[in-house]
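To begin, one chain is listed below as structure tokens, in the form predicted on its own.
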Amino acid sequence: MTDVSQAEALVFERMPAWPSVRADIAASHGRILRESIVAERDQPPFDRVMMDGIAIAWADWSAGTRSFEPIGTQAAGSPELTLQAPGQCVEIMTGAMRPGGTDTIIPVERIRREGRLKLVVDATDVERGQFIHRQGSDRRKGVTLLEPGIRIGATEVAVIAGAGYADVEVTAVPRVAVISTGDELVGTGEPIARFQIRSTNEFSIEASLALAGLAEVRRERLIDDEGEILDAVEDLHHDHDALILSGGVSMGQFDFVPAVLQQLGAQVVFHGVKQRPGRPLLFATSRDAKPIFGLPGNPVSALVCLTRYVVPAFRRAAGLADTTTEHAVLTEPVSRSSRLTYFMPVELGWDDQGRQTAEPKPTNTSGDFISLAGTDGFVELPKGREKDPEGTVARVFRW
């Protein structure tokens, strides 16, 4: 059986890099950036006025001038006006280019009109160059504004637009087939017998990948029939970039997934991980080097394995930059087997010392998915000890 850290490494080593495509900027949000965004101009591209008021020459102010003759009004987006003589000013608006011959802005609330002149009535704290956002003071032309490997959000879209990009290179969204297997599974809205259960895994797997913006999912549900599973997996493999199966990966009489993958020529990288829940986890690669994940059928196990291995693997394949791992301290002790790494569902919070806390919320069984509602994720408690005391620092994986 494979250790947790080794299983993670084996998955990461064999994950392909998803290709990139160009996307219109309006459709780029939520996608993973795959090119450097470079400043097309200085930012700001000119000396930008930061207040409504008048633009003056500091030399006039230092010579004692307090009344100024306007030569015109300059709004944002208008070409610059230029002073022609001492004692003049330009009525200026926020966002406008600094007028020629001026170097200081007096805010409108400090000014009173006297005939044609503008009288500065509050002369305190006037400094040379005030309220001017200098050209290039944010970034210079040609510098890199955004690096590849980040998810494009609202602020990143603004940067991309500000740099003049109409479209941008992003990771192509992979097509993933999510396949639930089991005679006992019944879909929502269908009649159900006493000996059957509702199928949930394909929906939770799809939700996890969709919320993370990592895949376009097609859901399938199959009965425990080796021939039907073989035909379906072969067809779905052809049309998708990755396969995620749940159920049929253990050692029971009707667990056909390992045999099906062998018949299709897939290489099983590992089958079984020293962890709880989710010990039967399987990972394989197809003849075409496409990743195939075989998750256990129990809902808690399936979601834990998806969160611990599949989502991080898809993030890497998408080119997302590695993020700092998250940790929390246990609010109470946890007893468990020392032979297995233990994944404990938790609710996260904060203590009075500003530390993130993890309150254990164990499920009744690995089929008790209802108990996961309201939890934030799980902590990973490494094998080798039978008890983790209160205050233990553990790595967090959010759903």
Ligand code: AMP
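The shown structure was predicted, so the numbers you read here are calculated from the model rather than taken from an experiment. Note that residue numbering follows the sequence shown and begins at 1.
From this point on, the text means the form predicted together with ligand AMP, which you will not see here.
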{"property": "All of Glu184, Ser199 and Pro299 with a heavy atom within 4.5 Å of ligand AMP in the predicted bound form", "result": "yes"}
{"property": "Heavy atom contact within 4.5 Å of ligand AMP in the predicted bound form, the stretch among 191-199, 260-268, 89-97, 127-135", "result": "191-199"}
{"property": "Contact flag, Ser250 vs ligand AMP in the predicted bound form, heavy atom cut 4.5 Å", "result": "yes"}
{"property": "Any non-hydrogen atom of Ser180 within 4.5 angstroms of ligand AMP in the predicted bound form", "result": "yes"}
{"property": "4.5 Å heavy atom contact, Asp241 and ligand AMP in the predicted bound form", "result": "no"}
{"property": "Heavy atom of Glu169 within 4.5 Å of ligand AMP in the predicted bound form", "result": "no"}
{"property": "Partner-contacting position among Asp103, Glu156, Glu206, Asp255 - heavy atom within 4.5 Å of ligand AMP in the predicted bound form", "result": "Asp255"}
